[in-house]
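Below, in C-alpha cells: the form predicted alone, a single chain.
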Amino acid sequence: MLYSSQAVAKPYFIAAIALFAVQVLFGLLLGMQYIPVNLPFISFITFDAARLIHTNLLIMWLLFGFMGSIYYIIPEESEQELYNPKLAIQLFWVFLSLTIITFLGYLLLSYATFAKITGNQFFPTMGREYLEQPTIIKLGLFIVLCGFSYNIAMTVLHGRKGMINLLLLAGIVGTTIIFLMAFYNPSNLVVAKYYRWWLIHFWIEGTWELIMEAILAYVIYKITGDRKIVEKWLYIIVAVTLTTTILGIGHHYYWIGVSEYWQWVGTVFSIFEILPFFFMVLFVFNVVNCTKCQYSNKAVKLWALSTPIMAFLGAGVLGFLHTLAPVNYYSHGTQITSAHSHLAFYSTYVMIVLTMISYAMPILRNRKIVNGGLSQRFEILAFWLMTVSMFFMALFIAIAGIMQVYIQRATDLALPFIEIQNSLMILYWLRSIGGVVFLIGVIIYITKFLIAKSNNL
C-alpha cells in the first residue's frame, strides 16, 4: 500500500464477500422453489422472505464493495491519506449492523410485523421493490452515505484532483442525493412508481455506472501503467453514460400510467444506452493491446478484461432487446426481465467489485500484487464457474421468458399461469443447476483467495 489509510478498505471487502455468499445462497433457495423439490430447509423459508433477502442483500453488499473500492483508490489518486480513517471504520460497523438487522427482520418476521415494529405506520416508506427496508434503516443508510461522501469529499478537496477520484466522488455523492427519493412515498401509485424509478434507475444505470467505470479505469491503469490514454477513454465513456441515462429512464414508464410520449423517449434512448458498454469494450482492449502489458496477477487481468464484455452482453445487448416499447409490451413482467437483471447485475457490478477485491486484497494482506500460483489457479477456476454458469442461467431464464410470452401473451391459448409455469419446469431445473455451480464458484473464490494462509497458496 502507498498509504496506510487504504487499510480501511479491508473490512468492507470482507463484509462484501460474506454478504455476497449469503445473497447467492438465498438466490439458489429462491430458484429451487420453482421446482418440485421437497427439502425442509427450502420450505422453511418462504418465497417472499427469500426474495426480500436476495434482492436487498444485493444492494447492501455491492455498496460495501463500492465503499471498500473507493476507500482504497481515493488516497492513492488524491496522493494523501484518507481524511478521517476512524470515521470510515465507525461507519462500517453502523452499516454492518443495519444490514444484519434488516436481514434478520426479513428472515424471522413477517413483513407486516417488521413494518409495525420499526414504526413504518408513522412515516411509511416500505413496500416498494428494492426499497423494502424499514424507514429507520433507510435513515441509517442515508447517514452512512452522507458520512462516507463527506470523508471522500474532504480527501479529494485537500489532494490531487484527477479524473478517476472526481468521478468516484460524483458517483457516491449522486448516489447519496438520489437516495432521498426513498423517503418520498405518495399515495398515488403512478406517482410513487415514477419517483421510485428515478431512484432505482439512477443508481443502477447512472451513479453506480459512474463508479463502475472509474474502478475499471483504475484497475486498467494499474495493469497497463498508462494513465493518459485511460483518462481519455474515460471522458468519452462518462459523457455517453450521462447523455443516455437521464432520458433512458423512460423505458421504465411505459405501462405505469404516464403519458404515451415516454414510449418514444424510452425506446429511442434505450437504443443509445448500449453505447457506454460498447465503448468500455473498445477502451479496455485498445488500452491493453496498445501497451502490451505484462501483469503478474492473471486473475485480475481476466476479471478486468471480461467485465466490459459481459456488461455489454448482459446490461447492453440483453437490456436493449427487451426495453424497446413494442417488445416490452409483451415481455414486461416475465422471466425475460429476470434474465436481463441477473446477467446485468453480475456483469456490471458484481464483476467489477470482485475485480477490485482481487486486485486490492493481496496488497492489503502484504503479498505485493498477487497471491501464490495455486491460489491464482483456483481464483481463475472460480471466475469461469461463476461467469459461465451465470451466462447459462440467464440463457435458460430468457428462453423460459420467450416461451412464457408466446404462450401467455402472443397467442390465444389463454392457459392458466400455473400451467404455463409447469411447462417451463425443465428450464427452471437447469437454472437451479446453474445456481449450484455458481455457488461452488463463490465458495472456491472465498476459500482459495481470501482465506489462503501463505504466499505458496
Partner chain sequence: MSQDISEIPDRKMAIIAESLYLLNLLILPGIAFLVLVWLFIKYDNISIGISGCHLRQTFSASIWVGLLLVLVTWVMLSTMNHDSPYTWMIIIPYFVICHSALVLLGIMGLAKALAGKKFHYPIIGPSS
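Positions refer to the first chain, counted from 1. Just so it is clear, the model here is predicted, and its values are computed rather than measured.
Another form exists, predicted in complex with the partner chain; not displayed. Remarks below refer to it.
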- Message: With the distance limit set at 4.5 angstroms and only heavy atoms considered, check whether Val94, Leu96 and Val173 all reach the partner chain in the predicted complex.
- Response: no
- Message: Residue-level question: is Met403 within 4.5 Å of the partner chain in the predicted complex, judged on heavy atoms?
- Response: yes
- Does the partner chain come within 4.5 Å of any heavy atom of Leu62 in the predicted complex? no
- Query: Would Leu313 count as a contact of the partner chain in the predicted complex, using a 4.5 angstroms cut-off between non-hydrogen atoms?
  - Reply: yes
- Query: Using heavy atoms and a 4.5 Å limit, would one call Phe345 a contact residue for the partner chain in the predicted complex?
  - Reply: no
- Task: Name the stretch: of 72-80, 351-359, 379-387, 273-281, exactly one has residues whose heavy atoms fall within 4.5 Å of the partner chain in the predicted complex.
- Result: 273-281
- Message: Under a 4.5 angstroms heavy atom criterion, identify the one residue in Leu107, Ile177, Leu364, Leu321 near the partner chain in the predicted complex.
- Response: Leu321
- Note on the structure: From Leu302, Met154, Ile89, Val288: within 4.5 Å of the partner chain in the predicted complex by heavy atoms is Val288
- Message: Could you pull out the residues of 422-441 that have any heavy atom within 4.5 Å of the partner chain in the predicted complex?
- Response: Leu427
